[in-house]
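Read the single chain below, which is given as structure tokens and is the form predicted on its own.
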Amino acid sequence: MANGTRVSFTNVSKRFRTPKGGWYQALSELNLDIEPGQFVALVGPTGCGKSTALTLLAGLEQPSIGNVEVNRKIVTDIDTSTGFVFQHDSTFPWMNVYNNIAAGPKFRKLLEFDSLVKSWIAKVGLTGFESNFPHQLSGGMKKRVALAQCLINEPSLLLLDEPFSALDVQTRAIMTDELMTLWETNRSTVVFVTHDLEEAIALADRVIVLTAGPARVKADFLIDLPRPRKARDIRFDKHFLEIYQGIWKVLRDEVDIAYQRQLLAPAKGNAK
């Protein structure tokens, strides 16, 4: 049985004030339903609004129009049942590995958490590094700390904003498999933002293609690859390549639109 939560975007639009006093439209009439326990990847051109969708789900921002719901309740604030792993390093630099991972249980005032923390340190392969501080760890190790720091709280909704983008190719592949293994243990609902289409297909149950900003759903692909998966191996599967080609045909048009806008932007900025 799935342990995750149901997620729903209903006619969601979001705009922000620009430094010059104008408005920037990030999302426009976004409609999306995610079933409990699904692993969903959002892909789209740079700047299309993928990360904005996550901040709305996390309660860090509110939509300008429409509703964002988790378990049929409108999201109005940050919820402790939601976990967020950010693109950039989110570990506490003044805490060692043990205390970073113990931060959540301490905040929740759990009386007995030592064995829980140690078990998560072991799960992410950091036994022996408990006393190390973030600056003493590699990029991949710091990302393991961030995952354990989040997953130890057993979030029913897990939001991941390009968590592996700063890693080298080999470490990224390893971390992708580790994330898959950790997710298989509790099947929380996951919304995963990435620019890497291969990564999206390897991980997800569904890949949602968003339009060049303002974002709305352009296509919704079911990824019918068997589980459990090894991301490093599944990429060579014939069906994987067929899925990739199908999604890329749809995504490519939006990438081209975003690229053309970037080319035109300087010219508009210099226009008199």
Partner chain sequence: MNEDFLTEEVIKRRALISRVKIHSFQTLFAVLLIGSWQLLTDRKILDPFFYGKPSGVWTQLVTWVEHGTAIGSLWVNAWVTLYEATYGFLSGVFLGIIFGIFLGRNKTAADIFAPYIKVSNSIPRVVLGSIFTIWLGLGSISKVALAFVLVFFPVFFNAFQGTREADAKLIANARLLGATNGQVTRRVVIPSALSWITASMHVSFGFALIGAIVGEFLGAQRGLGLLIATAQGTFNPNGVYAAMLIIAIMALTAEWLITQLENRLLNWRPSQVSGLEL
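Numbering follows the first chain given and starts at 1. Values in this document were obtained by computation on a predicted structure and should not be read as measured data.
There is another form of the same protein, the form predicted together with its partner chain; it is not shown, and what comes next is about it.
Colleague: Heavy atom within 4.5 Å of its partner chain in the predicted bound form: which of Asp114, Asp168, Glu184, Asp77?
Modeller: In short, Asp77.
Colleague: So in the predicted bound form, does any heavy atom of Ile247 sit within 4.5 Å of its partner chain?
Modeller: Ile247: no, not in contact with its partner chain in the predicted bound form.
Colleague: Quick one: is Gly104 in contact with its partner chain in the predicted bound form, heavy atoms, 4.5 Å cut-off?
Modeller: Flag for Gly104 set to yes.
Colleague: Considering only heavy atoms, tell me if Phe84 and its partner chain come within 4.5 Å of each other in the predicted bound form.
Modeller: Answer yes; at least one heavy atom of Phe84 falls within 4.5 Å of its partner chain in the predicted bound form.
Colleague: For Tyr98, is any heavy atom within 4.5 Å of its partner chain in the predicted bound form, or not?
Modeller: Contact check for Tyr98: no, nothing within 4.5 Å of its partner chain in the predicted bound form.
Colleague: Indicate whether the candidate residues Leu60, Trp94 and Asn153 are all in contact with its partner chain in the predicted bound form, with contact defined as any heavy atom within 4.5 Å.
Modeller: Looking in the predicted bound form, the three residues Leu60, Trp94 and Asn153 all sit within 4.5 Å of its partner chain (heavy atoms).
Colleague: If we take heavy atoms and a 4.5 Å cut-off, which stretch out of 84-92, 175-183, 189-197, 118-126 is in contact with its partner chain in the predicted bound form?
Modeller: Within 4.5 Å of the partner lies stretch 84-92.
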